[in-house]
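In the form predicted alone, a lone chain appears below as structure tokens.
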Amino acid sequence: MECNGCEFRPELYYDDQYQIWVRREEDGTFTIGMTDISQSIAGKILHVRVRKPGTLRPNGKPVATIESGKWAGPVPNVFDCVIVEANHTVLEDPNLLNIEPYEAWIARVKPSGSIEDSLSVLVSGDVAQAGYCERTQRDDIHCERGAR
């Protein structure tokens, strides 16, 4: 499914700015990655740093930072959580976020509160799709994937 050439995955959860996606895992953790919109805006991603496993990240404090050719900034965090692990494949080859943004996750986290409370601040399904498409059209975002 696409909006302005930006891939959208309906099974995921998203922050309200569509910067990150969140996937609920069976073990109670969440996997976090960048959306196609974010990787396209950022440009070629050069470095990714994830906080150490075991680090508490309150709502509003990033789980990671990303540096690209034209931007450096946080990977937003919208609920209290603890870092479980970083994706070492992405740390070693950050360009994977540009090539396959929905397979190349950044970090796994464990929510500090209940799973339901954490997911309640995210959008999903038809609401997420409508917002995602509206953002690409409003901001005239056309996604491009990186290549090796």
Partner chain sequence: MGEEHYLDNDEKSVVIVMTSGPSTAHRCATPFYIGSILASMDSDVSVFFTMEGALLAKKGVADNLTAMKGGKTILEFIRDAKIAGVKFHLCKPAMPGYEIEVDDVIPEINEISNASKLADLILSCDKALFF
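All values derive from a computational prediction rather than experimental measurement. Residue numbers count along the first chain shown, from 1.
Missing here is the form predicted together with the partner chain; even so, the following discussion is about that form.
Remark: of stretches 52 to 60, 108 to 116, 31 to 39, 95 to 103, the one touching the partner chain in the model of the complex is 52 to 60 (heavy atom within 4.5 Å). Contact annotation for residue 65: at least one heavy atom lies within 4.5 Å of the partner chain in the model of the complex.
Using a 4.5 angstroms threshold between heavy atoms, residue 81 stays clear of the partner chain in the model of the complex.
Although the partner is absent here, residue 91 lies within 4.5 Å of the partner chain in the model of the complex, judged by heavy atoms. Proximity of residue 86 to the partner chain in the model of the complex: non-hydrogen atoms within 4.5 Å are present.
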